[in-house]
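A single chain comes next, written as structure tokens; it is the form predicted on its own.
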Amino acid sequence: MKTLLLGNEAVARGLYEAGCRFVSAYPGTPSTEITEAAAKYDELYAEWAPNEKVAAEAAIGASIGGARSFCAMKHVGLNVAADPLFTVSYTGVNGGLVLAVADDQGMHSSQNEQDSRHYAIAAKLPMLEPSDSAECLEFSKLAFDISEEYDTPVMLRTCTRVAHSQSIVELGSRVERELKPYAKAPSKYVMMPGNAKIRHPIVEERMQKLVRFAETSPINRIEMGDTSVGYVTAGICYQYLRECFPSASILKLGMVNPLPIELIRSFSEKVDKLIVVEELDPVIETQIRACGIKVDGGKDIFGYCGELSQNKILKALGMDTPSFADFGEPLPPRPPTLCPGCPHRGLFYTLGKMGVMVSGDIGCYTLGSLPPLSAMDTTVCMGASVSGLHGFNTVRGSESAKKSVAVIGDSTFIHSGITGLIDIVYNKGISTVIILDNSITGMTGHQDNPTTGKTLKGEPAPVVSLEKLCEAVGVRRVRVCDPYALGELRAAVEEELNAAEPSVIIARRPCILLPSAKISPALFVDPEKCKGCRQCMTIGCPAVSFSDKKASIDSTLCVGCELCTQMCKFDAILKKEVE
């Protein structure tokens, strides 16, 4: 049967058909839907782990236990999982082990652009890169076969455009795989120096075998056409090239590590010019040049930054691009913003009014850095808000601690904020940490986490208490506040900033988009009472607008949170009477 699937859904289908048993991940755009789709198959155990390192280690353990196992993450999540990644390359596998990483060229939902092919090269692991949903399914199944045949973890690299676009796939049946026997083998799985020294030559020999596989595998294929120019490419760039140049000669790489150098050499001899088309870093280009193969164009043409596209490729090669209608006026900007009724808005408004330094983190609340709230100073990576604030206050002294806070979400705190808080307590720091507990993992699409009481499959689970957790690591001052109650919230922040010891404020209110969130009738502005002071605009709510010197509220957006009523000193924002 043929059907349309997202690339991520197709990967999950590949796991199902390949007989995978164990799936662990931490949600991260653009990889999230792989695990969500996998959870819909009863034959697959699927879970959300606290972070990517734990997810990878759990999958490694399941592989050693004899099951085909899988782990997924986005590119920055691979940084978190890098520690076990490099070592499991030495240990090899028992049951097949596949690790998917979704790169985010163009930074649609990420803090950096990162080329995960470098990890495959550095860790000496094979990496496959599909170009569409059909290949996502096919390559996921092939990855398990390669893993077990060559005793290696296999990396599967996708990108935003492949992960989140649909194309036709042909569904197959699941092939059940019995658990492979487990036998105690410390020389293989205990990576102390003596054993690791023995395993390293095995890894190098394995890579040579994989090179021979790459040279003959049909996933690396030559499509001959016009021989004036030949293109070497992989992933989504193959689709762009095929649209731009339907009759071109293309060497499409399905395995991007190790590269089939002799196949590339053979292809280069059949064309007049060789051009490498790849996004981000010149990973393929550099290796081709290092082997003495002439490359007539690559990063010098296409650049290092952002996504490519059909038009970008045509323009870079000096060709005409399609024209577009000009509307004669610029489109209005549409910056991302917190949702109407978002519980984070009141907190950032309060912190902005107080003028404190805010050490920020990754999540919906990163939007608190944008005008008009403008209430976040830094964002580096998951968990860096807490440990970063400790370093900031340590070098700047106790007075700095009275004028600075860290903000971090509930899921991010579980992911990597706990250790930063321990660092503060253990090293006698004085910092105030605010946990924005919206009862969900919000930015990636409302995934449950250890604080919500539900598993990935929706089953009841023990709830991790943020209060008890903070107390257990040694924080004596832990309090819970409602971020809608601005007066109470400000008083709590002021009090904790002046405490001579570490403190935690849990700003708790569910995400307004959750089905369980309480939504009240929309508010409205009495134009007779409105003085046009624009104070209601300072909270940056999309439901509030200003025209003809008066404020107004869009009833289709307003959720009745009443934050704006706390801004208005003229009682011009009113509730509708409930009939």
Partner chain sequence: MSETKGIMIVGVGGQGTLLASRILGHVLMRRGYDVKMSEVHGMSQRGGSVVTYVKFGEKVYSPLVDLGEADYILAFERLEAARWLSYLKEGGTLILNDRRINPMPVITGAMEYPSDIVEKISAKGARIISGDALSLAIEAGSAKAVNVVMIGILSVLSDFPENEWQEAIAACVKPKFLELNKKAFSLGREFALKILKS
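In this text the structure is predicted, and so the values were computed from the model without any measurement. Numbering follows the first chain given and starts at 1.
From this point on, the text means the form predicted together with the partner chain, which you will not see here.
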Find the only residue in Val256, Val295, Ala123, Cys364 having a heavy atom within 4.5 Å of the partner chain in the predicted bound form. Cys364
Within 4.5 Å of the partner chain in the predicted bound form, heavy atoms considered, which of Arg174, Lys273, Lys312, Lys299? Lys312
Indicate whether Met537 is a 4.5 Å heavy atom neighbour of the partner chain in the predicted bound form. yes
Report whether the minimum heavy atom distance between Pro462 and the partner chain in the predicted bound form is within 4.5 Å. no
Any chance Leu513 has a heavy atom within 4.5 Å of the partner chain in the predicted bound form? yes
Report whether the minimum heavy atom distance between Glu278 and the partner chain in the predicted bound form is within 4.5 Å. no
Among 543-551, 49-57, 523-531, 64-72, which stretch has residues with heavy atoms no more than 4.5 Å from the partner chain in the predicted bound form? 543-551
Run the contact test on Ser116, Asn220 and Ser266 with a 4.5 Å heavy atom cut-off to the partner chain in the predicted bound form and return yes or no. no
Residues in 1-37 that come within 4.5 Å of the partner chain in the predicted bound form by at least one heavy atom, in order, are Lys2, Thr3, Leu4, Leu6, Thr29, Glu33
